[in-house]
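Shown below, as C-alpha cells, is a lone chain in the form predicted alone; questions about how it binds or moves come after it.
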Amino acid sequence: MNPFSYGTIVKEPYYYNRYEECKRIVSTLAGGNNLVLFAPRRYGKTSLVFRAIEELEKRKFTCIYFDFLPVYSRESFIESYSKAILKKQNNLEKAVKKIAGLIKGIRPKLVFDQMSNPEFSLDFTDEKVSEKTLEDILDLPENLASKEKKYIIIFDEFQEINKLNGENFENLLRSKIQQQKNVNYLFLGSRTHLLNDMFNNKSRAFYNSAMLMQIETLPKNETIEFLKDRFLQSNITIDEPVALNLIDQAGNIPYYIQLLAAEIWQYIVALHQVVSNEVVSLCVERIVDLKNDYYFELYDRQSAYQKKIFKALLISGENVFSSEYTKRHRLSATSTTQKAILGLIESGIIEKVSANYFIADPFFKRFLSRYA
C-alpha cells in the first residue's frame, strides 16, 4: 500500500507536523475566541482543522464543519447548514422537532429508508426565504448549545459567502456571532486574498472580529524525516540531499510533496532501490506528462499578457509592480500587470505570500518552463 496520501483529508500515519498549530487552534477556540486560518491552497489547512476537531471533541465540544463552496443561494445554505448541525445531534427525532419550533420558515422532515437509515429534508413555507428565517438558522447553534455543551462552527471556503448577497449576509452573520455566548467560529478558505480583505478591511463587517493565524510551509528537516520513515517502510531508502530535492521540486507544499513521493514510490517499489535525484526528476516529468492535457488547456485559456506574466514569474515573483521588474520583463503599465495578476489569483493559478507571488502548482510551473 502506498505510504503517501494526497487529495483527501490526511490523517495518521500520513499526517505529520502542524502539532503546534493544532494546539494553538484548539486553545484559541476552547478559550472562547474566534479564529481565521490563512494559507494558500494545498498547504494542508483542512487536514489540520480536522485534527483540531478531534482534539476539541475530546474536550466535549460539538464541532460543526460546513463547506461554503457548494452553496449557491440562501435556500441551499439553510438546507445544508441545518443538515450539518443535525448530523451532530444524538436524538434526531427530538432535534428535528426542536428545529421546527425554532425556525418558522421551514418544515423539517425525518424519514427512514428500507435500511432504517434516517434521511433529513426540509420544505420552505414561503416562496422567498425571509430575513427572519435566515436569522433563525444562524441562531440555531446558539439555541442548541449551553454552558455545558458549547459549539464550534468551522466555516470552510468562507470567502464564498459573497455569493449570498455579499455584504448583507456578512453583516447579518457578524451581528449574530456577536450575540452568541456558547458558540465560537473558525473561518478558513483557499482564496486568501479575499479572506484577508474580509478580516483586515475596515469597511467590512468582519474587520477585527477574530484572531488571525497564518499557516507557513512545513519545516524541511521534519519533512525529510517523514519521507525517510515512510519510504523505509517499503525497504526504500532516500538520503537527506535527495529528500531535500524532492521537497524543492514540490515547492515545499504538503500536497505536492505527498503527490511526488507517492509517484516515486509507485515507480520504484518493485525495484527496492535507493531514491536518487534522477528518479525524483523522472517522476516530476511523469506527473507533468500525466497532467499535460489539463495544463495545456489551462495555459491556453489565459490571455497573452497573463502568459507573459507566467514567463516573468518563472524567473522571480518579487517586486512585480516595480519599474525595474516591468523593464526587465518587458511588461506594460503597472495597472495592466495588477489586473492580470488579480485574474490569476482569482483563478487560483498564482498565490501571494507576503510580497512574493508564485505559481501555485509546482508541476504546472514545470510545464510552463517547457513552453512559456
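These figures come from a predicted structure and were not determined experimentally. Don't overthink the numbering: it's just position in the shown sequence, from 1.
We do not show the form predicted together with a small molecule, though everything after this point is about it.
In the model of the complex, the small molecule lies farther than 4.5 Å from every heavy atom of R59. Of the heavy atoms in W265, none are within 4.5 Å of the small molecule in the model of the complex. Although the partner is absent here, Y255 lies within 4.5 Å of the small molecule in the model of the complex, judged by heavy atoms. A residue is said to contact a partner when one of its heavy atoms sits within 4.5 Å of a partner heavy atom; S190 meets this definition for the small molecule in the model of the complex. Although the partner is absent from the chain shown here, Y6, V10 and L218 each have a heavy atom within 4.5 Å of the small molecule in the model of the complex. Partner contact region in the model of the complex: 37-45, out of 306-314, 24-32, 37-45, 330-338, criterion any non-hydrogen atom within 4.5 Å of the small molecule. When you look in the model of the complex, the only residue of E157, E170, D136, E79 with a non-hydrogen atom within 4.5 Å of the small molecule is E157.
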